[in-house]
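One chain follows as structure tokens, the form predicted on its own.
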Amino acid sequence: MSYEEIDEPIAVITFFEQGKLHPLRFRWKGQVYRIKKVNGFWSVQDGLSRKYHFSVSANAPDCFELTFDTADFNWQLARVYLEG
């Protein structure tokens, strides 16, 4: 499996439950990806803010790493892990 660095802003539909963030779907390059599974989750302190990282599987064969930055409340597609 290889990966491609993307680092592009994306729109994400998410919900909060008991203080936790749950991404449901995201839009990238005009296509909507429904998140089927969160494969992993971690956070990193970045100065005064925190970045939350989500490794997700969507309605595509590839996996995606999404990040949420508490400094500006924006989402980014950090990288795509390519099958094959």
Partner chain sequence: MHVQHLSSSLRHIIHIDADAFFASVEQGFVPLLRKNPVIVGGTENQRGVVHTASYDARKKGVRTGMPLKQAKKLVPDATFLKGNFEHYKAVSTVLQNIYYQYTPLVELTSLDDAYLDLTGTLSLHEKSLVEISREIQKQVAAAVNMTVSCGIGTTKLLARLASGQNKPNGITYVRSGTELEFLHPLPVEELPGIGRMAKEKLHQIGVFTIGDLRSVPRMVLMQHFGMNGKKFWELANSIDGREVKQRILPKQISRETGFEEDVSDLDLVFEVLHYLTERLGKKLREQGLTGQTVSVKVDYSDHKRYVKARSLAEATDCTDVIFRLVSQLVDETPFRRLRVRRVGLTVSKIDRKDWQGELFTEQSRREALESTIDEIRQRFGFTAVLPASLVNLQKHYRMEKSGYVLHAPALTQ
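Residue numbers count along the first chain shown, from 1. Computed from a prediction, not measured in an experiment: that's the story for all the values here.
The same protein also has a form predicted in complex with its partner chain, omitted here; what follows describes it.
In the predicted bound form, its partner chain sits within 4.5 Å of a heavy atom of Val44.
The shortest heavy atom separation between Asp7 and its partner chain in the predicted bound form exceeds 4.5 Å. Though the partner is left out of this view, Cys63 does reach within 4.5 Å of its partner chain in the predicted bound form, counting heavy atoms only. Of the heavy atoms in Lys37, some are within 4.5 Å of its partner chain in the predicted bound form. Shown without its partner, the chain has Met1 as the single residue in segment 1-26 with a non-hydrogen atom within 4.5 angstroms of its partner chain in the predicted bound form.
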